[in-house]
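The chain that follows stands alone, in the form predicted on its own, written as structure tokens.
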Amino acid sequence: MFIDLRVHSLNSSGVDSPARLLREAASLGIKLGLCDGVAYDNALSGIEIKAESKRAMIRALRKSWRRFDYVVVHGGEAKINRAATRDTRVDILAHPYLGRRDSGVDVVVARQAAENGVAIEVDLWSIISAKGIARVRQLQKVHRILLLSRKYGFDIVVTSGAKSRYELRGSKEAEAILTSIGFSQSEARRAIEEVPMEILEKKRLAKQELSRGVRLVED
């Protein structure tokens, strides 16, 4: 099953309601994380932190880390890409290539992501929506991230990057896109299912441990 952890509803930058997105996901046979910065009762809830500086990112992490099922940092700027992969509270560095000529992932970012358990996102929409030479360049960026992942061992997590129900993708389509651009079948399946599951489980255990610690202090 595709577990898509960066989908936005109209409660953030999207255009569809959470209910409509969840219904569409059910029809596609996938599971969604709504990355709106809203703690939902009936859905996986994430937040995408967009910060202009390392200090602002850390402030946002302090406020949001405990509230959500996972934390995404809006990447692209070199200083943010590096700061995000240095912080173990970050679960996903989103689109590190945004607005860049390169992939946004260098040796430092790759090593830090591997050491600190930060997954690096590849979003399908950035590939599907690009045309002509822009698509060629985007594929080159994704291929670079894939090669660095193989060399340094950090996880890639694939999302749709959807902002409407029409941009959601089913499991088979997501896997087909990835294998067509150089992922092995096992790499594709890990990126769309196993890595998201591990992110959610890691966060669940961390919250549980924190809760135990709080109870011990209170006792």
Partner chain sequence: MRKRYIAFRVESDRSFKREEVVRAIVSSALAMFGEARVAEANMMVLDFDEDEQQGFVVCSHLSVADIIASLSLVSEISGERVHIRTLGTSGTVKALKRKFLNRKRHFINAESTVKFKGKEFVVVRESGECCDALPRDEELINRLKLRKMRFIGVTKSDLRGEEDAADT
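As the structure is a computational prediction, the values presented were derived from the model and not from experiment. Residue numbers count along the first chain shown, from 1.
Unshown form predicted together with the partner chain; subsequent notes refer to it.
Interface residue remark: I127 is counted as part of the site for the partner chain in the predicted complex, having a heavy atom within 4.5 Å. Residue contact check for L205: none of its heavy atoms lie within 4.5 Å of the partner chain in the predicted complex. In the predicted complex, R189 stays away from the partner chain, with no heavy atom inside 4.5 Å. The partner chain is not shown here, but in the predicted complex it comes within 4.5 Å of a heavy atom of L28. Contact with the partner chain in the predicted complex, judged as any non-hydrogen atom within 4.5 angstroms, is confined among 53-61, 146-154, 190-198, 160-168 to 160-168. In the predicted complex, the partner chain lies within 4.5 angstroms of at least one heavy atom of each of the following residues of 30-65: V38, A39, Y40, D41, N42, in sequence order.
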